[in-house]
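Single chain ahead, written as structure tokens, the form predicted on its own.
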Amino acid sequence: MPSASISALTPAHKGCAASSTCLTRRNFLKWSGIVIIAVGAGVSPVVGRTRFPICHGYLLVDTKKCQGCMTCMLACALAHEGKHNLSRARIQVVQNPFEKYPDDTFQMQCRQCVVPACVASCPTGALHVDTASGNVRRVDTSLCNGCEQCVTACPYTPSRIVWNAAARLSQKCDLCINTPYWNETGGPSGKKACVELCPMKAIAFTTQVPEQTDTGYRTNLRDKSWAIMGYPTD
């Protein structure tokens, strides 16, 4: 089996300053404050005139349990693309050899944001909320024109919208709704390849809306047996 290649996680994005549909990071942060209040009040968040229903599922990661093996990336790429190419993975693991545990490894999963900046920025409707499948934020590749506005609009670094350079299309986590190379039913009520195949069981799934911060998408999956091996359990 040929070795998997890893491309740059953040491609050179096309500028969107000239587009009236571009969602800036400053505006996203402004709207996020409104969203936190709206969600707490049980009100669907609104950006401009667009109302986004809440997604029915979210991926959480135990950053102290993850060993940086990238099995989740390989599983994602194989399930969705049928290729052992880590650059095709919709979940990303970044390692910093100059840091010490637990700050040497970062897990970058799509947040299925309460206010999806990628959806709001898409000029063709390719990025959409799939109301038939639990309100998952998805890419319809038949509508994607490769403008990369969604990649730029994502407020996180690296962008959680992954650019497929070969197909010149955007792709993102769909909670394994569409996995033609994995014979399992995915989606919020089904199986997720990264959760199922992580050898450390460092990825969890929840139907509860996380706090819209880094802390909100992290979880503690370590029991007392991890303390025996010298790992923190707090």
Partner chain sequence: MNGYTGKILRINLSRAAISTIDTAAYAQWGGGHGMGSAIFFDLVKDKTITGLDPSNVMTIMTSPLTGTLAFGAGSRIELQAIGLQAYPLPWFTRSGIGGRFGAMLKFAGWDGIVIEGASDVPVWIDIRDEDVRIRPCSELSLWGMDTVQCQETIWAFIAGGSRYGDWIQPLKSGNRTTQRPAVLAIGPAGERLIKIASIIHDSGNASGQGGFGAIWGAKKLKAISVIGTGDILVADPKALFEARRWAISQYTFPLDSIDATKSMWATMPSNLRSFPMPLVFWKRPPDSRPQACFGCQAGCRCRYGDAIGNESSCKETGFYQFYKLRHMAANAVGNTIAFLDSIGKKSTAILDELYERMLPITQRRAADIIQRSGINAGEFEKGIPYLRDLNKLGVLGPGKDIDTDLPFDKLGEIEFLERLVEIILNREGIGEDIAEGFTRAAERWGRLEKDLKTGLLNCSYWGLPMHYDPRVSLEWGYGTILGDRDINEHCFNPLYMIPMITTFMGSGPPLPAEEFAHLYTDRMVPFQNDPRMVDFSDDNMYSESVAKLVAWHRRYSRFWKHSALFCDLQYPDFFNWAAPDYKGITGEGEPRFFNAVTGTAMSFADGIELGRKIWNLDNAIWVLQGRHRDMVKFPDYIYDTTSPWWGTFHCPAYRDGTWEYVPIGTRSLDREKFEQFKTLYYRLEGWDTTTGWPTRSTLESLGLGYVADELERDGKIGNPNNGSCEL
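Numbering follows the first chain given and starts at 1. Fair warning: this is a prediction, and the values are worked out from it, not measured in the lab.
Here the subject shifts to the form predicted together with the partner chain, a form of this protein not shown in this document.
74 is the sole member of 113, 144, 74, 119 with a non-hydrogen atom within 4.5 Å of the partner chain in the predicted complex. Contact annotation for residue 182: at least one heavy atom lies within 4.5 Å of the partner chain in the predicted complex. In the predicted complex, the partner chain lies within 4.5 Å of some heavy atom of residue 104. Taking non-hydrogen atoms only, residue 60 never approaches the partner chain to within 4.5 angstroms in the predicted complex. Residue contact with the partner chain in the predicted complex: residue 214 places no heavy atom within 4.5 Å of it. Counting a residue when any of its non-hydrogen atoms is within 4.5 Å of the partner chain in the predicted complex, the hits in 203-234 run 223, 225, 226, 228, 229, 230, 231, 232.
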